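One chain is shown next in structure tokens, namely the form predicted alone.
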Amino acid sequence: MRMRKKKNGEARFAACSEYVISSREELERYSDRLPCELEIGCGKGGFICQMAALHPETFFIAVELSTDALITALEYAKEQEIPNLRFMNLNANLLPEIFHKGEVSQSYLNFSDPWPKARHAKRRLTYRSFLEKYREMLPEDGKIIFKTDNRLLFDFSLEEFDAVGMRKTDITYDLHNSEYNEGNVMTEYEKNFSEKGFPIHRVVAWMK
């Protein structure tokens, strides 16, 4: 669903600029806090804001292409004065231009757009070309934690992890009724889908 354009969006975004990283040079200001944990496609920011609040010892960065969605996340982070969280408004393709090897300890992919048509497979954030880009940022023992309610996307993603030589653990097709649910932080989508009875799928994929 396309998000409605925010009223006074540019001004609202600018008002939260202290929470935004927009270049490699700006990231280097936080070099003493790296490696970070990175969410790719944070939406309105519910998940990453909760994670940052629960783990003040960890530095988090969230990436979101939609400026309108990001405004909501920025305003909440600023209102709550979350010090260990920053955001980037960019396409995931550009991440290797921002992060160097090992500067991201682990990445979260939560309820990414499934791009259901076969001809759009290369746009999926778990497509092999994206996974290779994540490899450029993660250490050799780094990992990606992937959650979705979309079974077709999940099965596709498991195959893509195999295709690039990633090791898979903690696979579940029903996260909330599994041993892996302890400590799980839900996204806005996850809560909504779960309340409607949809099972949540989850896997941890390791670089090696």
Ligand SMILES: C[S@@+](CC[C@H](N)C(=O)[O-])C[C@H]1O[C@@H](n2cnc3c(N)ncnc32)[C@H](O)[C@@H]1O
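Heads up: residue numbers just count along the shown sequence, starting at 1. None of the values given here were measured: they were computed from a predicted structure.
What follows is about the form predicted in complex with the named molecule, which we do not show.
Although the partner is absent from the chain shown here, 64, 110 and 125 each have a heavy atom within 4.5 Å of the named molecule in the predicted complex. Residues with any non-hydrogen atom within 4.5 angstroms of the named molecule in the predicted complex fall in just one of 22-30, 156-164, 64-72, 171-179: 64-72. Residue 130 belongs to the set of residues with a heavy atom inside 4.5 Å of the named molecule in the predicted complex. By the criterion of a heavy atom within 4.5 Å, residue 13 is excluded from the residues contacting the named molecule in the predicted complex. The named molecule in the predicted complex is not approached by residue 121, whose heavy atoms all lie more than 4.5 angstroms from it. In the predicted complex, none of the heavy atoms of residue 52 sits within 4.5 Å of a heavy atom of the named molecule. Counting a residue when any of its non-hydrogen atoms is within 4.5 Å of the named molecule in the predicted complex, the hits in 176-208 run 187, 188, 189.
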